[in-house]
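The data below hold one chain only, encoded as structure tokens and taken in the form predicted on its own.
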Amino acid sequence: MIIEKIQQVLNAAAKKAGYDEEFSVSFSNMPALCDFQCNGCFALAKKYGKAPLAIAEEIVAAVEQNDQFEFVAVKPAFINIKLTYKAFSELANKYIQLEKVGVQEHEQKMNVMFDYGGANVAKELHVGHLCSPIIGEGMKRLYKLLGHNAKSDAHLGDWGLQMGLTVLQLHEDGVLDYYFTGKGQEPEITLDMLNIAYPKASARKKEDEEFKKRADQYTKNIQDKIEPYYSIYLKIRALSIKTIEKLYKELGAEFDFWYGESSCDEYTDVVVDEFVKQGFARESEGALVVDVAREGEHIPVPKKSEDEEQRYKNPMPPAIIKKYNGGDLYATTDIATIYMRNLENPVPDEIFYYTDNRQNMHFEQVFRCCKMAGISPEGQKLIHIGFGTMNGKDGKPFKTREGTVVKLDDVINLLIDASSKKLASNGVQPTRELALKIGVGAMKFGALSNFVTKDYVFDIEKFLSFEGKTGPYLQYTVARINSILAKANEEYGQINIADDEQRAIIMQIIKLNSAYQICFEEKSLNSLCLATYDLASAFSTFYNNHHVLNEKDDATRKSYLGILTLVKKALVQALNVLAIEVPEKM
């Protein structure tokens, strides 16, 4: 908002000076000299036959006198803009009264569905399930802050081959005899059983084709709701979801819907029939496929004989929407889910999917299918955000010392243990709740500080530092402000910005508010992480040089308390978007 106001003043001055141009203003890359800058005069030299600096000087001379901004033309042809202390004071007093601290909501509101989580039922969650709920939750909260109607769906993987594999393995191990023979007592299926059965079955299917075919049939039986396969499936699903909900809650991921692939089951045949009816589906080796390649993407290689399988050059492979045995695949359920979501009121304007980069092609195929058949209406955006890999300090995917994938439960316990030790070393008696907030907050900030598509290093010691660009540093900053405000035990007063350290705080709040829009445009939260840290750092400089509680002048002390209150509101707002909880004390 402040940039728009500066641009209005600048453009009015330009017209007054005889230049019918629209100028844009940006944050200064030399904050010691000015707050904002404009470099638009360089492009006008040839058009007006004048030196760029002369144009800048004429425009600055035409600026009407005001007590908000100071404009200066400097070599080679920049217009530097500084806000006055009065302008900063007015902004601070305005911001502190707002529910959303200086955030400009978008005028055009959207209905947006965020699909993240994606945990597979019957499988143990591992470190690969970490990024999706962290990034997706943050982006959903960002959209809400900007005024959009944002909803989220955990979209569980509960309808695929892993279900058939697990049930088949349990059956072969004799666990499920009761369901198939009716003899004996009904067994208690436990998580330990699932954690053994699925990996065992997954390994077998790679070596035993007959086992794989039987698992396919078990999966089809579940999807067709044939007993006892379907009842067994429901028990496994309920058991798995209980654990998944617990882990996602500890990660701070909140979902409006706990749908799974099975939730769209009634629509899978509907969408498949639609592709057949419109002539998009064809049979291939018993399966139904849809050619989604565009011209130039899917180039056939000439066959050497009639019997040779068709090969392609640089192909975008066809999307398989029905297996050889009539079973559904991930593509089928994802297409049917989009169909289901578009039956809801309101229809989503945008649907976001958060998975790792390896699923880029899958979602491109699904999105193209939906657009071809009209399942996704014109104008609806289907967006896949593929995130990078979480690596260890060796630069390789994060694994245990034995080379196995780290379980998500173990990651959370690792964070709790490490943060407990860190808190104890700082003289704080840790509870599990506090250690969880600090540990998970540290991990989230470390992950979100990187651009979403890039790999990053899981460095727990670095993440848990109480200094530097870390989650605990930001949490501690808020906790320290809470302590000061509690000790003061008085209301804040009118904020009067009276020195450069105070103005730096308000400037960082302006930049923080700008970061929300940057994150919206980039679909990544790293800019918000950096801006939040910069605000906390500016506050720390102010706090170290101003004795808030010992200030004798009543108006000054209450102004300081106002600054603290404003900084706290801005930090808590930003950390809430990042889904990082703020302890009252640390």
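Quick caveat, the model's predicted, so the values are computed rather than measured. Position 1 is the first residue in the sequence shown; the rest follow in order.
Note that the form predicted together with a small molecule isn't included here; everything after this is about it.
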>> The chain here is shown without the small molecule. Which stretch in 281 to 289, 448 to 456, 349 to 357, 199 to 207 comes within 4.5 angstroms of it in the model of the complex, by heavy atom distance?
In response: 349 to 357
> Even though the small molecule is not shown here, does it sit in the model of the complex so that 115, 129 and 363 each have a heavy atom within 4.5 Å?
Replying inline: yes
>> Only one of 330, 230, 178, 85 gets a heavy atom within 4.5 Å of the small molecule in the model of the complex. Which one?
In response: 330
>> Within 4.5 Å, heavy atoms only, which of 80, 482, 262, 120 is in contact with the small molecule in the model of the complex?
In response: 120
> Is the gap between residue 155 and the small molecule in the model of the complex 4.5 Å or less for some heavy atom pair?
Replying inline: yes
> Counting only non-hydrogen atoms and a 4.5 angstroms cut-off, does residue 334 reach the small molecule in the model of the complex?
Replying inline: yes
